[in-house]
Structures are given as C-alpha cells and as structure tokens.
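Alright, two takes on the same chain below, each alone as structure tokens: structure 1 and structure 2.
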Structure 1
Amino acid sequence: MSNLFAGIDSSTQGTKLVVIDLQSQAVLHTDSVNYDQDLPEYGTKNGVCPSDKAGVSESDPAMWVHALDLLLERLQQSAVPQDRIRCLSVSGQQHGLVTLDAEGRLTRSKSKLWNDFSTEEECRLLTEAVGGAERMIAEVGNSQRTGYTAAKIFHMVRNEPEAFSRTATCFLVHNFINWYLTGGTEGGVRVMEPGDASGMALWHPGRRAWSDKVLMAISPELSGKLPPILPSDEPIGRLGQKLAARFAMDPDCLIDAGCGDNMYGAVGTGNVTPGIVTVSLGTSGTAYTMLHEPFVDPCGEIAAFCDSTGHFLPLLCVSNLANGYNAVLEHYGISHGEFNDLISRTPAGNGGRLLIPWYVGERTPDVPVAAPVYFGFEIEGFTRENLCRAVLEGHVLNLYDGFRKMPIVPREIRLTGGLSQSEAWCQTIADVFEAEAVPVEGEGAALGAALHAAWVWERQKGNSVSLADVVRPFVRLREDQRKKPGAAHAAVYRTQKEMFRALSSRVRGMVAGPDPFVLRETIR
C-alpha cells in the first residue's frame, strides 16, 4: 500500500489541501476553502475582517482552524484513504501574530496579518531603541518593517498590556495550526522553526539567535513567551488523538515542523538548489532563491530568511504588482488577451515612457506614503497601448530594481501566481532579468508542504533521499510557455533599468546617479 502525504497552505484569503502519493508520483487530491465564500459567518473581505482603523489588517485564528476542519471533513468523504497519510505539513502566511494563554485560549481575538501597516510607530521606536537602522540589521538581520512580527508584539504591549500579560505563547500562523493539529488544548506542541521565525525581526537567521536588545526593547517578559526553535527538517510530534479519531486518520501520522508560505513556495516550484529563482506574481510580488550561506542586505530591503531545509532564502517583496495591472484592465474594460495584443503593438522600452508603479505604499524600496510617477509621457502619449506597456514594464522594473541586490545570477526563473500564465508578463520578465522564465503548474505552497512532509518522513525512516529527488517528479513546468530573453529587448531594458533606478532615486531625494532625462533620449 502506498504512503500518502498531505500539505496545507493557510493563506490570507483561504486554505488549501494537497495529498500526494510518493510512490506513484501523483497528486491524488486538491481542495480549497475560500474564507469569504465558504465561511461567511466570519464576515471577511478578501480574508480580512473589515476595520475602520487605518492600516489595520486582521483575521480571527478560529477561522483558519474552521477551514482546516472543513477540508479534513471533505477529505474523509472523498475516495482518498486518509488513514494512509503518514505525515502532514503546514504552510502559513508569514509574520502574522497569534497569542495564547497557558490554557490555549486566545489572548487577542484577532491576529494582525503580514499586510497590517498599523505598527509604523512601533517600527520607528524599536529602531531608535537599538541605535538606528544599521544597528537593527546587525541585531536581527533585517530592518523593522510593519509586516514583520516584532512590531505587532510591541503594538500589543503598548496598547493591550493586560492581554499581553495573560499571553503565555506568541505564535506565528503555521505554528498555531501545528499546535492545534498536535492536540491543541490537550497537549498541543508549542514550538517554532527557523524559516518562519526569521521573518519576525527578533531572531537573526545567520547567527540563529534571538536578539536580547530587541526583546528587551519590547518587553522584559517577551523572551519567556517565545517557544523554542527546532529544526525545519524534522517532525514536531504526531496528530492529536481526538483529531485522528474524528477524521479517521492514522494516530501515528507525523506533523512536520512546517514553514512559511514563501519557503514552501520554493519547494513547490523546485527551487531547492542554487541558481533557480522563484517569482510569485500576485497582488504583491516576491522573488527568492535558495543559498547555502546567509545573505544580509546592509540596507534591509532584501529579507534575510532561513528556508525549510537548513539553508537560506533571501527574499524580495514589493507591495505593488498585480494591482496596477488589474486597475488598467478594469478602467479600459479589456481582457487578459486584449492586454497581450496591446502590448504586441508597442516597442520594448515604450519609446522612453516609464511608470514607477507605487499605487499604494511600497515595501521595496521603503516608501510607506507613495504615489505613481509617469515619466516621459507627451500629451498624446497617454494611449491605451502606451499605458498598458508602462504598467507591465513598470511593475517588472520595480521588482527587478530590488532583486538586483541579491547575490545571484539566475540560470532560470520559475513563475507562480495569477499572472504567471501571461505571455506578455513571462516574456518581459525574461527580457528584464536576462534569464529564461517558465511558469509552474500546481498549488505552490500547499504542494511544497506535501513534498516536504514526504521528505521528512523518508528521513525519519532512515532513508537517505534528497529533497530535490522528492520534488523533481511533481514540479510541472509549462515548457510551451517558456520564454528566452531577446537580445534586442534585453539591450533596451539595460538602459531602461538604469533609467528606472535613477528616477526612483531622485523621487526619493537621492540625487546621486545618472540623469534620467539623458537616458530617456537613448530609448526614444
């Protein structure tokens, strides 16, 4: 009988479940719960509880557990023999804070999510407390950003001290779900692992140690509320007895340490050896790669993360990506296919017209209060064709401008997310990054979690198998959509990349560098 493995991805807008058969190299089951549609009783919009407070983005952790239960109920009703699942792993949206008391009750009814921007003051105060941005990066390998967990905890200390006092454990999202899976209030395991923990801005991924200075700046009590950090490539326990009985699952089913969604997105796209870069094209955009040695950006814009294998995953995140694209489609009433057609009528470089697409506050570069900048557009230049080309190139150039700091020359870029199937996006990424780009099929982080679970189980059985060997048969590349960089386009984009960097610097008050007006003349 085949051994099965399951991966769960608890994301902002929904939860996914993937079950794989390692022997037959097949995905047997995929299912998902959309919070807004399937769990309307929580009243979410795009997975977030509505709030009239600026910058607040929160969800009820009970909703994530409810979604998981619903998926396990559906699995039990399916043809999949769920009692043959030998190991289960959880991928979670990174940085979200979940706090429990000693008995396992929530001390805060809602979790501040990765996209909560209400903690800007806490970021500033923490940075000042340790002696500035450079000192902060030395302490935790990252700058303090509103997305990270440290400022969320500090916000609780400052604004909800009674709730913080009752808190026994500060969890990240996937750690909370692991606690539930291993028994919850009846002996659930309270631990963390390096991958997700390195995004808290409390723990240095290179030294693999908590920063006493940052912990003390938040609260002298905080160190006692943080679970131990155990390896990412080992199980943390077994499925809780009541859950196993409730869903007719094997009580010996192991629970993998789990990790953040970006770390498992890397696994699910086969990004487990150096030289491959994963680019996720969603509302926000990310680019990340696997390294054997830690990389700490002295400016703190590239996130310094561990991965789920004992290695490292430097990651770039930009806040603006599909938002500009979706807005231009809606404004002009055009389809995805029509967008590609409009792009085909315009030249690479857009005749020197350029867009800096900071429609909302940008994370990389750090521009919390932002606005888009249209550069080089003559009066007659604001056509549908030119604006579509500007949106496409602007978002890709913004992504590349942050990525260029990474210590890697990619041999291949693997695309995932909603826009990854677009021919225009795929080709432009290949041209700008000067590397082959190919979309990846599948469920991304959920598949990565299932593959990681299989790898961990094999290792526990004493089988010497590499993660790359486990992953390879399951990663499906859309070879029919693979794009190679065009020599002529790449040459134009080298100038445009320089122009984007120069204009971005000047807009932010950094006047050093070439003149963007002079550079524009070489593209026109």
Structure 2
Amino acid sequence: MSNLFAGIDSSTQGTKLVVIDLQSQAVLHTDSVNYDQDLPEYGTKNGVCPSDKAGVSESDPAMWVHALDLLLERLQQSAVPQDRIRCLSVSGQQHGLVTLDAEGRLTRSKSKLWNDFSTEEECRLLTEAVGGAERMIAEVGNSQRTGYTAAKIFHMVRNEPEAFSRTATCFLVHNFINWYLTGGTEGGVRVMEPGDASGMALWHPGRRAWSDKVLMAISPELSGKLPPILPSDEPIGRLGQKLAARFAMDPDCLIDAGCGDNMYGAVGTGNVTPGIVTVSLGTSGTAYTMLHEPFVDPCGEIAAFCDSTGHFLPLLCVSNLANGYNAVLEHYGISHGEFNDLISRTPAGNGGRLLIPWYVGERTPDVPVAAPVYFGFEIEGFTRENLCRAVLEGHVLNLYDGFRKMPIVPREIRLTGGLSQSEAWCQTIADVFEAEAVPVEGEGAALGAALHAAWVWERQKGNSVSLADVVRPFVRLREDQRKKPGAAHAAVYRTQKEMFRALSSRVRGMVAGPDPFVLRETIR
C-alpha cells in the first residue's frame, strides 16, 4: 500500500493542493481554488481586499482556511485515497502578518501582505532606532523593507495598540495554516521555522537569533508574542483530530514545519544543490539559489533567507512582474500567443526605448512610492508592438538589475510561475541573464511542499534519504522549450542593462554613473 504526501500552497491569488505517490513517483492529484473566482463572498481582486488607503494590500486569513477546507473536501470526493496521506506540508506567501489572541481569535481581521507598501514610515523609524541601515543589516541580515514583517508589526503597535496588546501570537501565513491544521482553537501548534522567519527582518539567518534591539524598538512586549523557531526539516505535530474525522484522513498524518513559497519553489524546481537559479514569474518576480553558507548583502537588496533544509536561500524579489504585462494584454485585448507574435516583430533592445516597470511600489530597488518610467519613446513610438516589447524587457531588466548582486553565476535558470511557459519570456531571460533558461512543469511551490513532506516523513521513519533523491524523479524540465542566450541579443542587452541601471539611478537621485541618453544612442 503506497504512502501519499500532500503539499498546499497558500499564495496571494489562490490555494493549490498537490498529492504525490512517492513509490510510483507520480503526481496523483492537483487542484486549486482562485479566491476572486471561487470565493467571491470575500470580494478580493487578485486575492487582495480592495482598500482606498495608499499602499495597503491586505487579505482575510479566514479566506485562506476556507480555500483549504474546499480543497480537502474535493480531495475526499476524488478517487485519491486521502487516508493514505502520511504527511502534509504548507507553503505560504512570505512575510504576511497574522495575529491571534490566546483563544485563537484573529486580533486583526485582515493580514498585511508581502506587497503592502503602507509601512514606509515604520521602516524608516526602525532603521533610525538601531542607528542606520548598516546597523540594521548587522542586526537582522536584512534592511527594513515594507514587504517584510517587522514594520507590519510596528504599524500595528503604532496604529492599533489595543489589538496588539490582545495579541498572544504573531504568525506568518504558513504558520497560521499549520496552527489550523494541527487543531486550531483546540490545541493548534504555535511555532515558526527558519525559512519564513528569516523574512521577518527580526531574526538573523546567520546567527539564528532574534534581534533584541529591533524587538525592543518595536515593543518591549513583542518577544513574548513570538513563537519558538523549530527546525524546518521536522514535523511540528499531527493533523487535528476533528479535521482528520471531517475529511476522513489519517489521524496520524504528520504536519511538516512548512515554509515560505520561495523556499518550496526551490524544492519544486530541483534547486536543492548549489549552481541552479530559480526564477519565479508570478505576482512577484523572484530569483533565488540554494547555498551552504549564509549570504548577507551589505546593501540589503538581496534578501538573506534560510531555506527549508537547514541551509540558505539568498533571494531577489521585485514586486512588479506580471502586473505591467497583464495590464498591457488587457488594455490592448491581446492573448499570450499574440504577444509572442508581436514580440517577434520587434528588435531586441526596442530601438533604444526602455521602460522601468514600477507600476506599483517596488521592493528592489527600494521605491515604495513609485511610477513607471517610459524612456526614449518618440511621439510615434507608442505602438502596441513597442509597448509589448518594452513591458517584457522592462520587467526582465528590472529583475536582472537586482540579480546582479547575487553571489552566483547561474549554471542554469529554471523558470516557474504563471509566465514561465511563455517562449518570449524564456528567451529574453536567457539573453539578459546570459545563461540557459528552461521552464519547469507543474506546480512549483505546492509540489515542493509535497516533496518536502515525503522527505520529512522518510527521515522520521529513520530512512536517510537525500532531498535531491526524493525530488529528482518529480522535477520535469521542458527541454523542448530550453533557450540558449543568443550572442547578438546578449550584446544589445549588455548596453540596455547599463542603460536601465543608469536611468534607475538617476530617477532615484543617484547622479554618478553613465548617461542614459548617450547609451541610448548606441543601440538605436
């Protein structure tokens, strides 16, 4: 009788479930709930509750639990024997703050998400309180960014002190779902693990310790509200008995420590040994690589995160990725296929036109109040073709501009996320990053969670199996879509990369460096 393993990815726009059979090396079940479409009662747009306040991006944690219940209900109705799931692991959108009182009630009905930009002032105040950006990086390995959790907690302390004082536990998204799965109000487990905790900008991933200075700067009460951090590669408990009975699951089913979606994206794309870079093209754009040693970026632009295996995962995150692309498709009524066609009719480098695609506040570089910058567009230059190419190149160059600081020369780039199957995106990434790029099939983070669950369960049974061995048969690269960098394109993009950097520096008030106008002349 085979043992099955489940992965749940609770992400910004929806929740996914993947069930795998380790023995037959098969994915038995994949299902997903899209919040906007499948749970309209929460009134979300792209998974976020509409708000008229600038920079606010929040969502209802009850909706995530509702989505999970729906998936488990549908699993029960499927042909998959759900009672053979031995271990379940949750991947969560990173950084979101969920606060509970001692009884398990939410002390704030909404969770501030990774793409909330309303805490700029709190980032500044915290940085000042510890003596500047350099000191902050020494304290927590990261600079304070609106995306991270520390400033969200501080925002609550400053604006909703009563709700903060009722708070017994500050959770991240996946910790909250784990709590629900292990029994919720009836004994749910309140713990964290290093991968997601390193994204709070409160806990140093190298020293593996909370920063007393930053905790105190937020509130002297905070340390009492933070759960213990247990290892990422062990279970935290068992499925709550009521849930097990309700969905006819194995009452001994283990709940893995779980992790952030990028850490599990690494597992689901086989990025579990050094040398591989995963680029995730979703609501956010991320690029990350697994390392054995911690990496702390002295500028704090590359996030210093732990992975889900006791190692490290330096990560670049840009908050503008699919948004400009999707908006252009919608505005002109073009399909993904037509987009590829339009791109093929325009030259790499776009005749010197360039877009900085900061449609919403940008995490990297740190531009919380942002706007897109269209550069080099003559009067007749605003055509559909040129705009499509500008959006594609702009997003990829923005990603690359942050990636330059990553401590790796990629052997191979693996693409995952919504746009990963697009030929135009794959080729442009290969050309700009000057490395082979290949899309990965399937549900990156949810599959990664299921594989991690299997690995953790095997180790609990005393089997010393490596994660790389568990992962290998499940990670399918789309070799037919692999792209090599083209020499001619790569040369044009070298100038464009320089131009992007020069323009970005100038609009951010950093005047030293080359002149973007002069660079533009060389590729027209």
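These numbers were taken from a predicted model, which means no experiment stands behind them. For residue numbers, the reference is structure 1: its sequence is counted from 1. Each form is matched to the other, and the largest set of C-alpha atoms that superpose within 1.5 Å is called the rigid core.
- Only structure 1 is derived from the form predicted on its own.
- Core-superposed comparison between the two structures: the C-alpha position of Thr149 differs by less than 2 Å.
- Taking 2 Å as the criterion, Arg105 does not count as shifted between the two structures: its C-alpha moves by less than this amount when the rigid core is aligned.
- Comparing the forms between the two structures, the C-alpha position of Tyr325 differs by 2 angstroms or more, with the core used for superposition.
- Summarising the core-aligned comparison between the two structures, the C-alpha atom of Glu378 is found to shift 6.1 Å.
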